[in-house]
Structures are given as structure tokens and as C-alpha cells.
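Coming up is one lone chain in C-alpha cells, specifically the form predicted on its own.
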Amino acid sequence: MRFLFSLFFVIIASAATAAPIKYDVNKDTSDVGFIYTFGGKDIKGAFNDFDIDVAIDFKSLKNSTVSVSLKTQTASGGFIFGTQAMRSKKILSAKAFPEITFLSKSVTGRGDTAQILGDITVRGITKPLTLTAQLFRPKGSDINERDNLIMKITGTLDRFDFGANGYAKEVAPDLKINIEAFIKKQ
């Protein structure tokens, strides 16, 4: 991995600002991925067009926010038939629902992990979702580095909750979310 040391969410009273720090996401190096089970095997998929907005308040984590927008037409299922199936009416219905969104409602943390509670909208259906986030600093960077960070976000959702129930015999309902965002202070 490109990082060694985690950066604690609840840290350092010195040098912390009162307002959240806004970050831009490097889309070229970031990976918005997921894992699904097809025929008993784990397959990695991804969204190739996305927007992620991040603001982190290191002094008061509850003031932090995360929003994610995924363009469903760019969903990749890991292989050509998986991609076609995923974009079809039976799964994402990408033409009718061109976007998946997540908007945080609260952020809490303990140690080097944060829980992001928010609402996710898939196929026009909105449900609560809790994600786990960790921040890392690049290998070899200063211990107080906050300008360039790596944010890992993980979680699980049941696609059946959103009416994406096509190919139920072949594809398991759970999707494991795995986002690795390289973020830079604005």
C-alpha cells in the first residue's frame, strides 16, 4: 500500500482550525470500488465517474461531512457481461437512474476510525447507510500532515433493499463498498 501510518480522527488540539477543512479528490488515483459475489466468487467492480466532497473538522468531528455521487452509466462489473447486467434495468437501471448519491448526516469517531451515518439513494430509493472511514497520510510524510491524505471508506449494502434484485440466483444481495480516495486540502 502507499501508506503506512494512520492519522487519528480525534487528534491534536494544536494547529486545528475551528472550521472544517475542505478537500478535493484526485480522481486519477482514487478508486471507488465494490465487491459482489457472483457464482460463489468475489468480483471487484468500480464506478469510473464520480464526485466526492469531503470536509473534515479535526477538532470537532461532528462538523465533518462527506457526499458521494456515482454515475451509474460508468459502473463496471469486472467483466463485460457483469457490466452489462449491472447497468441493465434488472440491477441499476442506469438510463432511468443515472446517479447514486450518499450524503452524510452525522460523523462520529473513536481512535483512528469514524462512522459516517448518511442516506444513500439507489434507483430513486433512499435508505440510511453507515460507512466506516479511516484517514491515512502518505508514506514518509510528516506526522502532522493534513494537506494530502488518503481516506478509506468501507461498508455494506443490500442491493435488494433498492429494488436491484435481478439475477438473484447468480449474484448475492450484499455489496461491499470499498473507496480509497486521495484527497488534497483546497
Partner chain sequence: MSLRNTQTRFGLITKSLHWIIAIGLWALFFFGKYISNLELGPDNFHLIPRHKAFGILMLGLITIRILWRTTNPPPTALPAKPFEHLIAKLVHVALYILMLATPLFGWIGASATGFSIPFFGLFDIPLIWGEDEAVADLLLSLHGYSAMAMMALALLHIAAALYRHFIKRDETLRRMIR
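Quick caveat, the model's predicted, so the values are computed rather than measured. Positions refer to the first chain, counted from 1.
One more form of this protein exists, namely the form predicted together with the partner chain; it is left out here, but the text below deals with it.
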item	value
Joint contact, 38, 88 and 167 to the partner chain in the predicted complex, by non-hydrogen atom at 4.5 Å	yes
In the predicted complex, the one of 113, 84, 73, 101 near the partner chain [non-hydrogen atom within 4.5 angstroms]	84
Touches the partner chain in the predicted complex: residue 117 (any heavy atom, 4.5 Å)	no
The partner chain contact in the predicted complex: residue 125, any heavy atom under 4.5 Å	no
One stretch from 152 to 160, 64 to 72, 41 to 49, 131 to 139 that, in the predicted complex, holds residues within 4.5 Å of the partner chain by heavy atom	41 to 49
Stretch 45 to 59: residues contacting the partner chain in the predicted complex, 4.5 Å heavy atom cut-off	none
